[in-house]
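As structure tokens, one chain now follows by itself in the form predicted alone.
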Amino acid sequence: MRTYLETLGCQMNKLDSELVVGMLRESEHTFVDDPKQAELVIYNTCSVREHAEDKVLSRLGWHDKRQADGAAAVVGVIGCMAQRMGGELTQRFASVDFVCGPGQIHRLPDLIDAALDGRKPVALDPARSEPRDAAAEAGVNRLDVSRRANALADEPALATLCDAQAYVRVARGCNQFCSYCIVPFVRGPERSRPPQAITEEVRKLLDAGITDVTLLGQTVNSYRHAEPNGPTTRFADLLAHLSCLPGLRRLRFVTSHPAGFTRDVLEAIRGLPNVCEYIHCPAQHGSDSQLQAMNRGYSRAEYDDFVAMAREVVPEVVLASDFIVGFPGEREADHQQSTELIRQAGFKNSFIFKYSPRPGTMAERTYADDIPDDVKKRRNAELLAVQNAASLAHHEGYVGREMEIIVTGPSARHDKQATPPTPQRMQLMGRSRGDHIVIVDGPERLIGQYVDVTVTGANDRSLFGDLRRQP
């Protein structure tokens, strides 16, 4: 069956799409990169921001028009937006044939069969107040462990990682309840996977040729698994255990929460040679009043203490963050405190978003969306400008240094160079241990390989280098 899969949202969604591709390939699905050529179309969706949902709604409207014109593709919506809207999607869009929550993706082949039979199945995860389905949890965990990661790298639906890289989920759900965030409601309570299951999955990836693994969790550093009448594995323990696996060259993790970031994790980064010196730990704001309204669970001073501790324990640490502008009640003075935090912390990069109320969240129920859109746009632009200056300063500090990168593929502009690319020489993109994007010229055969480069230049987005060593 010709299948088109589009992924919107975070790394969790990308990993879920990887699992979907592996599962459907075993059912003889082939993947295409044009929905017009597909017999089955699946959208893996995000509910964190309104813009991500609007994209999906637009695509579903397009499918309704195509169906009215006689197109016969089966259309499914999976992921967080599917969980939030549920059966409303099948009622609102005639083209939607099935809906699947993120914890039900192991049921996807059965849902597709039901849709082909003319039914419109809706499979959702239980609400937070309801007991979790042990069989469903076991099914998704089996899917995590059994996927054939290395075989998926050439799929157009998954053109995000090279053959040597993979994501591994260590926990599902979230217990933080930030007031703006829908994730605790659509992905449920936090559940840490058993360390044995994580180890088994990583071992299989290493056997398949993976050497660079990223551990995923909505709040990854809060990982904690207690065996009945046995030991408790904390996140630092998990890092130490996985780092010993033969063949693992790089181990990284996203995303962390400042309120639960303990010193033992930093000591693991410093002491374990294959754990990368990179931490994505969103601040979200620089103002205490805004942090309190966001229910983030820490103050500005406590975030500053985290940054100071990270730089003290891991002097080469690279920090990245997220910020929201235009949250209800944000004053100009609050906004200026976010700009000050970016300047002070020296983040490599920050993802900056305009606030949009998400249905069902505490902020949507409690606060009026009282910041005009033109003010949000201005503050967004101002924060981006401050972060771009910080990113440039950070990157310029690496000029003249040597570093090892993994070559992940052609650069985004490799086909726009003055000299046409050839397999013997093209513009390549790589990633450092600190998650820097590094652009080098070299042969296509280096993709998936580790090389040494000398950094010769920088801008606010990337480093540029010359090859010094290659396999």
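Sequential numbering from 1, following the sequence displayed. Just so we're clear, the structure is a prediction, and the values are computed from it rather than from any experiment.
The form predicted together with a small molecule exists for this protein as well; it is not shown, and the discussion that follows is about that form.
Within 4.5 Å of some heavy atom of the small molecule in the predicted bound form lies at least one heavy atom of R49.
Under a 4.5 angstroms non-hydrogen atom cutoff, the small molecule in the predicted bound form lacks Y278 among its neighbouring residues. The small molecule is not drawn, but in the predicted bound form it has no heavy atom within 4.5 Å of T211.
Mapping the unseen interface onto this chain, I324 counts among the residues with a heavy atom inside 4.5 Å of the small molecule in the predicted bound form. This chain is displayed without the small molecule, yet in the predicted bound form the stretch 176-184 from 198-206, 106-114, 176-184, 265-273 comes within 4.5 Å of it by heavy atoms. Proximity to the small molecule in the predicted bound form, taken as a non-hydrogen atom within 4.5 angstroms, holds for one residue of R169, K348, R358, R250, which is R358. Checking F353, Y367, F93, F306 for any heavy atom within 4.5 Å of the small molecule in the predicted bound form turns up a single hit: F353.
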